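Each of two forms of one protein chain follows alone as structure tokens, named structure 1 and structure 2.
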Structure 1
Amino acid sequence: MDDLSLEKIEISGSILASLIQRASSSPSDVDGLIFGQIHRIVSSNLSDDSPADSLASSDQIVATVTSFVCTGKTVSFYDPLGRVNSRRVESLRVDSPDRLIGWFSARRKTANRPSMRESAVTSSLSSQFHLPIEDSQNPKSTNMASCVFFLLTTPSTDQCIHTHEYRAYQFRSSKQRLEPRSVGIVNIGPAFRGHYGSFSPKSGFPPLICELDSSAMIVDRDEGSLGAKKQAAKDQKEIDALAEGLQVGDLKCLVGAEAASFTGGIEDMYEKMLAKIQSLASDVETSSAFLFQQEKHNRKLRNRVARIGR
């Protein structure tokens, strides 16, 4: 296994925000594991100068953080000397579908540089856990150590606003040291569209539980009076009429090959329902104006009767 160098470490804005929030909301310093993937990206440098330059390409190895597990304390999966307990790590990573790529440490009022213990923990973790480098052009994947380390700290002085510093490191076994790596924040938008070009979901959509004969109005089928059940059935019939025949079981068509054609029908029905709601709102506004005029007329009659009674 080669001691390959990472070009950068990518993390989505939502995961980074969640990581900072978890660290800031904890009562004390915390640590945990980070999970993700490592990809080999081949970028071609096209040029019109010469054929040799047009075929030039460069390989980049990028680590992507997809999730994390916070233990809520420090020295959670390692001892004070920095020796990692592999059984404890396996128990923490059981709920994550992705591979272990490293760990993180969140400290307060300290300098933003790794300590000797954190360096020892990363060295011990990288020597015990490895993951394959995903490469679409080379089926024979190369393994790489789980060598990523995230460090989050807060300033040593109290401030009126929350300030957090974070840095990412890679542990190089050949040099036995942590080397800083740039952090890329992956967000949604035109500038970040390239990050999602080769994305493939790890799991499919969850199954939709559709009960065709169920009613949202009935809490318990075995309880309640007959009149309440009749009223619930009547209400459900009125809802079905507004839905123009769309049943709850039809929602399963929103997932799968029929989703494109089925979505158009739902959008048309939604527009018609909006038109009905707008018409209903207009009727309510008209009736409210009529009631106001009627109340005004009744007030005048009461005042007239009061004057006659005097």
Structure 2
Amino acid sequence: MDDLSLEKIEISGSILASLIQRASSSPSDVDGLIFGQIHRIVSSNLSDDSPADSLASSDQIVATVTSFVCTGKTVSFYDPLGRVNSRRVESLRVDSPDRLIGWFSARRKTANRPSMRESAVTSSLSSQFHLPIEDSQNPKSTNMASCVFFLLTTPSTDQCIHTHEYRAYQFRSSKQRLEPRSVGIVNIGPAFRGHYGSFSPKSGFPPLICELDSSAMIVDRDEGSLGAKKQAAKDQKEIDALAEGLQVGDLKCLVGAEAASFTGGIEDMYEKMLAKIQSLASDVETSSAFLFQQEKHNRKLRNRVARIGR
């Protein structure tokens, strides 16, 4: 595993915004893991000179952050000495689609430099975890350590114009130090094309078996067998996760002979998906309220233990 230098670290605007929101809405300092990919981008210099010269293309390695997980507290997946507990890291990264690329720490009203513990954690994390460098031209990819550290702080004095600061660092194991790297914010626009592949859509519709030559009459024929019923139930369950009130049978009007009323069918599906989102949102609200009460209670207990009076 070589100790390569990252050119820059890219993060999409929405992820940075949600990182900052998560950090500023928490009552204390927080940390968490960040996930993403590392690409090798070959930028060649086009010139009219002989082909031998134009091979002088620069090889850039860029890290892209695509998601994160916030633990809600500090000293979460490591101990106060900065040693990372890999089991806790594994339990935190269960659902993420991408690979572990590093971690972040958010501290209020402190200097914008890595602290003693943060340097130790980044060093420990980069020695325990690694991810492959995606390279479209070279299928035999090399590995790189998960060495990205994102630091979010708020300014120490109150007289500043800005309210949040962030910096990104890469830990170089050959030099044993944290080097700052520039952060590129990727927003949707012409520059986004290259990153489209890194941001895979998360609400993909599951593949369902569909018979093209079916008509309304043949639908009844197959529903009798047990295997078909099981399959239909399974498909329905998958659809219920995405839309409310949409039946499997309704999907058939989107393909084949029935596709004449395509628009109506799509609109219907879209409405039902929105209804699902609505019910999900109200679920989230009630559980958030409950969570907030629980957090308040926990804080009272912690304050009691630390003997902080109200």
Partner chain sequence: MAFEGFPPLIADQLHYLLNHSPDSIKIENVWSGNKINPKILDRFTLVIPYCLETIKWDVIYNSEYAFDPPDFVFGPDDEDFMPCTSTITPDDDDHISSLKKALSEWDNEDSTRLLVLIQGLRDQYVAYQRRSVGQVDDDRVKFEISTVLTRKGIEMQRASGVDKPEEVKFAVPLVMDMNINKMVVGCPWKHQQKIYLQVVYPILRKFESTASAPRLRLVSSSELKALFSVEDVKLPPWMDGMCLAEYLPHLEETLERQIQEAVSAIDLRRSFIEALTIFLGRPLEANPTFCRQATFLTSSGQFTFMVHFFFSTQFPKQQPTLMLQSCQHLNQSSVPVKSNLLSEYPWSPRWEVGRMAERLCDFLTDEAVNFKKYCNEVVLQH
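Since we're looking at a predicted model, the values are computed, not measured. Structure 1 provides the reference sequence; residues are numbered from 1 along it. By rigid core we mean the largest C-alpha set that fits within 1.5 Å across both forms.
Only structure 1 is derived from the form predicted alone. In the core-superposed comparison between the two structures, Ala233 has its Cα shifted by at least 2 Å. Ala17: CA moves less than 2 Å between the two structures after rigid-core fitting. Superposition on the rigid core between the two structures places the CA atom of Ser282 2 Å or more away from its counterpart.
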